[in-house]
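Next up: a single chain in structure tokens, the form predicted alone.
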Amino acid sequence: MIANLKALPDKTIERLSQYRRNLLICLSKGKQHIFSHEIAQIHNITPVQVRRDLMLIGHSGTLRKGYDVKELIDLIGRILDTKDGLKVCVVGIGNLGRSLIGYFNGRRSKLSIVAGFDVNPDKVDKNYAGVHCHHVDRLNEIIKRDGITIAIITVPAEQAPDVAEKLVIAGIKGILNYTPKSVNVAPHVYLEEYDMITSLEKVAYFVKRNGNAE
């Protein structure tokens, strides 16, 4: 039985995605079964955490063989993926936006970046890794026409709040904000904000604390 998605904590969802990526690598190398301590070692967490996560999705292994890798991949897929897949757009086709399109293209069959948006005339009506860039003035039209439900924001920080508002009006249900500027969205829209500078400074703090930097 698959657990109710609403009952799964955000961090568990993150780890399930990470588990699947590495389980796919294990499967490609011919590994059929895996123990919780092996999964834990790959992800630098405890075996107890792995078992808790997998219990939350109703999956258990055996003492002799551990977890069936293929079954676990399929189960995580049924939880994370939608039947028909979801369409994604990127707003802001600068260096980061283009890198995300290039990196993500083709990596997930149930998630596909299908459109880009920008205001720069040098970028509009060009393709990036197979993704067409439209002028941002067509954002509402294209999102509704193509059934896009997820957006990634990579515009300059000061433009992020305005872009987020336009995305919500257009019908976007989930936003990944890569700018350092926080945005406000309606309660029905899931928002994930990722600040690369803050993340790097966090890493730098722990390097300093561990005595490897002055």
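The term rigid core refers to the maximal set of C-alpha atoms that superpose within 1.5 Å between the two forms. All residue numbers are counted from 1 along the displayed sequence. All values derive from a computational prediction rather than experimental measurement.
Just so you know, the form predicted in complex with another copy of the chain exists too; it's not on screen, but the next bit is about it.
The contact with another copy of the chain in the model of the complex, taken as any heavy atom within 4.5 Å, belongs to His43 out of Arg145, Lys65, His43, Lys31.
Of the candidates Val119, Val114, Leu96, Ile73, Leu96 is the one whose heavy atoms come within 4.5 Å of another copy of the chain in the model of the complex; the others do not. Here the marked residues Lys126, Asn140 and Lys166 all miss another copy of the chain in the model of the complex; none has a heavy atom within 4.5 angstroms. Interface residue remark: Asn184 is counted as part of the site for another copy of the chain in the model of the complex, having a heavy atom within 4.5 Å. Within this chain, Gly174 lines the site of another copy of the chain in the model of the complex, having a heavy atom no more than 4.5 Å away. Of the heavy atoms in Val91, none are within 4.5 Å of another copy of the chain in the model of the complex.
Among residues of the shown chain, Gly58 is not one whose heavy atoms approach another copy of the chain to within 4.5 Å in the model of the complex. Residues are counted as partner-facing when one of their heavy atoms sits within 4.5 Å of another copy of the chain in the model of the complex; in 152-167 only Ile152 qualifies. Core-superposed comparison between this form and the one not shown: the C-alpha position of Ala204 differs by no less than 2 Å.
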